[in-house]
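In the form predicted alone, a lone chain appears below as structure tokens.
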């Protein structure tokens, strides 16, 4: 069972709700150790005093801020907490905004917020349901591990509040200053633009995160297994060459035709409408797959029970048609 990484409270007007914060995401990247080439000797890193060369215990390490000319001001961990006693223990919601108004470039990492104790459930539930009804996210600042975060608190699909850390405006780079030059956009010709819009329309679907997976991690795992078993490692195809300007319309046309053929080759709704198993025994992911084949709209926001009802209804309609 996960342990809280932060304890504090949400302040919502004059309402204070004690909460615990939990990590909502995890990294599935394949981890590697470092070795010296040609040997089985591990490479390790140590925290050492650069003057004496002696290893230093983690508890004896403090922070230092350079103030110029090689001089540093030493800061103790507790001193950082003392300058923000409130924000290191509270998430103060200062305003509410529509979530779609926040440019995704600001999003960082998401956490769960749960009531610290059962007795705080009523106030917690009130805030969650009010956010869900209004479709708003609460904007707040708080301090965690010596750093201040701008955050968006919102209602999740699992009756939990979600907190997403955001980048401050000053953290975003100006492309006009960072890039050698900004691209010069050539006005698109009518038929090319129309064909590109047609291709986008043919590829448009509901957002279903379960449809996507980390294929690179799978390939890394296969590479490890192949080398372990002494099998030959087969290289993947090289990236496609850039499309030439003269071939742009032809490439778009072929893409649209390919999408049409792919859709015609997929199972019909009538075939998908005849499940061979009891819907009540299916997982949410399995129901979502059936709902996608039946072209059920809004499935990404449905609970498991709602998905079951929607699949049953769509199946009946498809069989009757």
Partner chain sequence: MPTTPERRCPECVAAVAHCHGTLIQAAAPECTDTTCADLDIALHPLVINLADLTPVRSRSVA
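Keep in mind it's a predicted model, so treat the numbers as computed, not measured. Numbering follows the first chain given and starts at 1.
There is another form of this protein, the form predicted together with the partner chain, and it is not shown here; the text below is about that form.
Segments offered: 127-135, 145-153, 90-98, 177-185. Contacting the partner chain in the predicted bound form at heavy atom distances within 4.5 Å is 145-153. Proximity to the partner chain in the predicted bound form holds for none of 205, 210 and 302, with the criterion being a heavy atom within 4.5 Å. Proximity to the partner chain in the predicted bound form, defined as a heavy atom within 4.5 Å, singles out one entry of 295, 55, 41, 257, which is 55.
In the predicted bound form, the partner chain stays beyond 4.5 Å of every heavy atom belonging to residue 283. Proximity of residue 278 to the partner chain in the predicted bound form: non-hydrogen atoms within 4.5 Å are absent; the residue sits far from the partner. Mapping the unseen interface onto this chain, residue 261 falls outside it, with no heavy atom inside 4.5 Å of the partner chain in the predicted bound form. Although the partner is absent here, residue 109 sits close enough that one of its heavy atoms falls within 4.5 Å of the partner chain in the predicted bound form. With contact defined as any non-hydrogen atom lying within 4.5 angstroms of the partner chain in the predicted bound form, the contacting residues in 27-63 are 33, 34, 42, 44, 45, 47, 50, 51, 55, 57, 58, 59, 60, 61, 63, given in sequence order.
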